[in-house]
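The chain that follows stands alone, in the form predicted alone, written as structure tokens.
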């Protein structure tokens, strides 16, 4: 399926950055790694991938704003449009030699995410969506799973690392959820978690403490595949507050009740 000009620009940038990450991944032991916080690492590969994306997107659309994990926000001449970029979602996996990470690029227009691309270079899987046009992985249409029983469903989350304020709450949620499901996975890349719900590989996903660049692209892919998504706290906002609960329509309410403990 042919996409918009903006989508094509995003795909080109994601694939280019993905090739650079794949090259660095093969030499992961030689990466120059520094620590920028507990459990939160930044590497030469991360910064290089962001620079590649910024250069390509800025060349194609010089007036758009740019928000990215490493460099922060740059306001554009066009206040209505902004790129939201995570150049390496799953940094810890990457640095430990685990091939589960992705490039995430979203386009925001007047406060709404209208296009999203999540590229997994290790598996050469390109997840993408445009508002109103459905969701895809490579050339195949995506659709959330049709499972309607919690005990047959597999869920994903992000387990907080040491010292996180969300750790006690997450442990309580796991204690309620695990007995009612076929399993819970923690693969350490939120953009791919949402893409996997969109693809029907997971039946649902929840997590707190995320940033909007972790969520933006995956959110539109999920919704265009038929998934439902809400903030865990109904008074919150998914992108602004960095929390999400999502699933297929058949089990969303059951899943949400368990997580929210209502």
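Because the structure is a prediction, the values reported are computed rather than measured. Residue numbers count along the first chain shown, from 1.
Just so it is clear, the following notes concern the form predicted in complex with a small molecule, a form of the same protein that is not shown.
To test your reading of this chain, name the stretch in 195-203, 48-56, 223-231, 208-216 whose heavy atoms come within 4.5 Å of the small molecule in the predicted complex. Within 4.5 Å of the partner lies stretch 208-216.
Using a 4.5 Å heavy atom cut-off, state whether residue 123 contacts the small molecule in the predicted complex. Looking in the predicted complex, residue contacts with the small molecule do not include residue 123, since no heavy atom lies within 4.5 Å.
Report whether the minimum heavy atom distance between residue 188 and the small molecule in the predicted complex is within 4.5 Å. Yes - in the predicted complex, heavy atoms of residue 188 and the small molecule come within 4.5 Å of each other.
Even though the partner isn't displayed, in the predicted complex is residue 88 close enough to the small molecule, meaning a heavy atom within 4.5 Å? The answer is yes: residue 88 has a heavy atom within 4.5 Å of the small molecule.
Considering only heavy atoms, tell me if residue 158 and the small molecule come within 4.5 Å of each other in the predicted complex. So residue 158 counts as contacting the small molecule.
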